[in-house]
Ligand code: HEC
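Just the one chain here, laid out as structure tokens, in the form predicted alone.
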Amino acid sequence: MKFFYLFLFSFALLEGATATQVDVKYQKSQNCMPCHARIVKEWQKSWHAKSHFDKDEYFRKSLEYVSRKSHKSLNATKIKCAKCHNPRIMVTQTDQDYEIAAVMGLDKESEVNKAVNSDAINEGINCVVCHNIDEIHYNYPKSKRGIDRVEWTPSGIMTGPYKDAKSPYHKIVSHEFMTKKANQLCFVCHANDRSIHGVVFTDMEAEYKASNSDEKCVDCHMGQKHKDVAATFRNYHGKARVRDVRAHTFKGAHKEDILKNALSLALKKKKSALYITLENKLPHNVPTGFGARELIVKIEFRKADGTILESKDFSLTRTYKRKRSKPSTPHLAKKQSKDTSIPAKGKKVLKISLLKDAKLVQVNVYYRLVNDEVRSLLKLKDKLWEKKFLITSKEMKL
């Protein structure tokens, strides 16, 4: 009888599943290493390489929290988030039949369980995610993200930036989203992020459009172009071709050097107040990305000899509420607090009362990946999540 139920539930799950199968020889980045060693080594150190739930404590515990509080199976939650975190997953949706099977413990041999635990996706955002995209439906509704926004090339055809590229191991096509319109590729996932109740807590694409900037995401996150080989295969007069390339490091807020001087800081004394002006040089808000990120403005009033009289911290972050106004992570939010981020290419001014007898003021601006509330809710242990990354600082005589 148990086998009969398992067969029934497995059959129900197959309906609506989207096959995105890739030949085994193209699934792993290790197989790209012989020709693209530099690129693979750079990618291995990137956060894209950690997008799988087993490699990121923040992501893993967020999944577990959402699953527990929404009363959905963990695998169903993983499938939903895989649209961006693991877009080559073989099953893209679950149904009520699967939830029943999971509760009864009959899902072990299901297509969902096999897909979630497949070795084919445990590298997260690897080579065959970005370099197998054939078309981006950038005019789709904003609610469609990741896998729901793209069409894949047939297995064995790689998409790249060079129209004249050749390889004996796979076919190559070139599309504008790898060159002139590179932002379209980034915004497949780094765009409209919303909770299960439809609360939009991040929309980097909208932030970028509001900035009226013509900068490309890759200019910062993959660095400026430089001369190197994209592939070591010697098919250009017996040599590997030197090209204009970018690093595949995909640096984000997890790397302190990319945050340095992202904001400019100006201090002005007027009567009994201190005005702190934070100006954002970037074409997206700061902070941006996952909704619980935070700016901390630390103000120290000092005596003439440098002795600290008083220290104040101001947090610029968002908080979230789920049902019955309980504190929440962004993905479960029914409500969110006011957006306090610094707008793209914009500024924010903080007014602080001066401290009597203070002769100096020191202002430090820090970035933190997770605010106190969400870090506590998820019980995050890795010190990375509470680390304060210094963006900029300034001292002024009063």
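Because the structure is a prediction, the values reported are computed rather than measured. In this text, residue numbers run from 1 along the sequence as written.
Although it is not shown, the form predicted together with ligand HEC is what the next lines describe.
Contact with ligand HEC in the model of the complex holds for none of R318, K348 and T392, as no heavy atom of theirs lies within 4.5 Å. Across the options 320-328, 264-272, 102-110, 230-238, residues that bring heavy atoms within 4.5 Å of ligand HEC in the model of the complex belong to 230-238. Contact check for S167: a non-hydrogen atom falls within 4.5 Å of ligand HEC in the model of the complex. In the model of the complex, at least one heavy atom of D193 sits within 4.5 Å of a heavy atom of ligand HEC.
A residue is said to contact a partner when one of its heavy atoms sits within 4.5 Å of a partner heavy atom; T153 fails this definition for ligand HEC in the model of the complex, lying far away. Ligand HEC is not drawn, but in the model of the complex it has a heavy atom within 4.5 Å of Y162. The single contact residue among M222, L74, I276, A210, judged by any heavy atom lying within 4.5 Å of ligand HEC in the model of the complex, is M222.
A single residue from the set I299, C81, I89, V200 has any heavy atom within 4.5 angstroms of ligand HEC in the model of the complex; that residue is C81. Contact annotation for 48-71: residues with any non-hydrogen atom within 4.5 angstroms of ligand HEC in the model of the complex are H48, K50, S51, D56, Y58, F59, S62, L63, V66, listed in sequence order.
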